[in-house]
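Next up: a single chain in structure tokens, the form predicted alone.
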């Protein structure tokens, strides 16, 4: 079997490579979310939202750390966090902060969706990790989306 780069790879190697690429994508999204939630939190005044930010930031930190360990254990160098992350718009109010939070969770969902595709032929832990992560990030996105667009708090296919 020939990979897109022209090298020969077995199906298992190609699948492992796709899974590692997906894990790196998720890790990059986790880095961004962990960093950004500190900036988002200062724009929120509702105590429930501030508490949610703290919980989500802790979850993203734990997931980030687990992914770094997972990638290192298979010999892959975990992607590094960027020095800073720029919001898609100025954080002038709570609504802008909520929109950024939603975008961050959607990026995490997209990474997990990518892992789900990469692990499509696997029944084990990677597939479970993808489904669990996709479910968690979709629920977090639903929280922010419900604040922004209460009439449509969910999307049919998270991560797409």
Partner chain sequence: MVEISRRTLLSRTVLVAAAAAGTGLGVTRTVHHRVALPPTPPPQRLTALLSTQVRLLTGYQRAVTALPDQAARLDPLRGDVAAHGDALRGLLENYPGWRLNPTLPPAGASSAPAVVATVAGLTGASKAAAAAFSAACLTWPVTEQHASQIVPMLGSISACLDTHGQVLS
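Numbering follows the first chain given and starts at 1. Nothing here was measured: the structure is a model prediction, and the numbers come from that model.
Not on display, but discussed next: the form predicted together with its partner chain.
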Check: If you check in the predicted bound form, is residue 113 within 4.5 Å of its partner chain, heavy atoms only?
Finding: yes
Item checked: Partner contact for residue 102 in the predicted bound form: its partner chain, 4.5 angstroms, heavy atom -> no
Checklist line | in the predicted bound form, residue 94 touching its partner chain (heavy atom, 4.5 Å) | finding: no
Item checked: its partner chain contact in the predicted bound form: residue 61, any heavy atom under 4.5 Å -> no
Check: Pick from 128-136, 36-44, 22-30, 64-72: which stretch has a heavy atom within 4.5 Å of its partner chain in the predicted bound form?
Finding: 128-136
Next item on the list: Verify the flagged residues 117, 122 and 153 against its partner chain in the predicted bound form: is each one within 4.5 Å by a non-hydrogen atom?
Entry: yes
